[in-house]
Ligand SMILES: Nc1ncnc2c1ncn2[C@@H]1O[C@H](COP(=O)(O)OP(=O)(O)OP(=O)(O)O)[C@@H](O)[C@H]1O
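A single chain, nothing else alongside it, follows as structure tokens in the form predicted on its own.
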């Protein structure tokens, strides 16, 4: 019944791709993300979700995006992860346009859980390692991540 949908899915081609000779993502990030006059609307829509957005998110900084549904919180994250490109303006990472970086390299460095999440029946260690599955047996790395991000002491991964 859903075979047609599956075939259509496999025939889809990405609309966002890396440029030839794209740059590797900086490690560690020095300056952070900067949105310069960013505007965006979703394909097929005419209403701008974001208009002329400007902000700078520095490494180690934590922010909360608060607002009503449809005000652009998730859209900001989708633009930072380059799931979409802005229709106007520019997004920079360490002073370089996000479009200049290799997409696969960017995706290796970013993990996002959107509003419509699913709960996976996995251990904490497996959940943490999802973004870097090749590191699942590196318990020291996983513990450092856990204590740095969750700030829980005495827990096992």
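Keep in mind it's a predicted model, so treat the numbers as computed, not measured. Numbering follows the first chain given and starts at 1.
What comes next is about the form predicted together with the named molecule, which does not appear here.
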(request) Could you tell me which of 100-108, 63-71, 121-129, 29-37 sits within 4.5 Å of the named molecule in the model of the complex, going by non-hydrogen atoms? (result) 63-71
(message) Can you tell me if residue 49 lies within 4.5 angstroms of the named molecule in the model of the complex, counting non-hydrogen atoms only?
(response) yes
(request) Verify the contact flag for residue 55: yes if a non-hydrogen atom of it lies within 4.5 Å of a non-hydrogen atom of the named molecule in the model of the complex, no if not. (result) no
(request) May I ask you to state whether residue 82 is within 4.5 Å of the named molecule in the model of the complex, using heavy atom distances? (result) no
(message) Only counting heavy atoms and a 4.5 Å limit, does any residue of 133-147 reach the named molecule in the model of the complex, and if so which ones?
(response) none
